[in-house]
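Only one chain is shown below, in structure tokens, and it's the form predicted on its own.
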């Protein structure tokens, strides 16, 4: 069992930290809004901290799950950041979906402090976090990964080292690019089925037994065509992820025409008031032109 800190107790971080506590680790938590940290401690045990630095004191590993690159920097760097308190030989794990450049930057900064670093974005959504069934894509040194992988197992169904720092973030970009294309294709398919007068539930049952089967079809097909979007992974966060993908593509020369299109479609969803709608809300643009 380890002494760990967890910074960021949102819809993903809160359940992930809860799994660490239930696995027997000693958990100290920090959240920007203190009442959420206090509520988490009331439900899970452990202790709250008044700053990221205080949360990290004495920790074997520090885990982050916040919003964007600048949010990560704000809780890692500076006099109140976790790095100011992390001891030599401990490891910082960033579960935030962020840029590969940030991962490389943090790996270098952590190395200068004698601290290990692993970028470890996750896939599986809120349900995966709650059920402890996330897929974790990691970048970093093997020895640092070996320290934290047994801890991450508390909320992961798979945890894989993909290469040096930044490789976890790059793999998450691949994941999001694949999802974006599938969701747009599924939106068009469900929209077409309804317009064609087919029994859409029956269509989903039939094509789900063939080559069109996917996680998105199984878990979003029915809610999508019924216009139910008040759950899941928010459109505004998917757009944030796609912006990271497109920025990286501009650097490495990858051609992403479909991702660029879907990014603009999510911008339209957000303009309609759907910032917090599930990513399957792309169909709303087709059903309500």
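Residue numbers count along the first chain shown, from 1. Model, not experiment: these values are computed from the prediction.
Although not depicted, the form predicted in complex with a further copy of the same chain is the subject of the following passage.
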a further copy of the same chain contact at residue 264 in the model of the complex, heavy atom, 4.5 Å: no
Is there a heavy atom of residue 79 lying 4.5 Å or less from a heavy atom of a further copy of the same chain in the model of the complex? no
Under a 4.5 Å heavy atom criterion, is residue 256 part of the interface with a further copy of the same chain in the model of the complex? yes
In the model of the complex, residue 113 touching a further copy of the same chain (heavy atom, 4.5 Å): no
The one residue among 84, 141, 127, 206 placing a heavy atom within 4.5 Å of a further copy of the same chain in the model of the complex is 206
Which residue, 131, 160, 74, 109, has a heavy atom that falls within 4.5 Å of a further copy of the same chain in the model of the complex? 160
Segment that reaches a further copy of the same chain in the model of the complex - one of 39-47, 52-60, 242-250, 222-230, heavy atoms within 4.5 Å: 242-250
Residues within stretch 145-177 having a non-hydrogen atom within 4.5 Å of a further copy of the same chain in the model of the complex: 157, 158, 160, 161, 162, 167, 170, 171, 173, 174, 175, 177
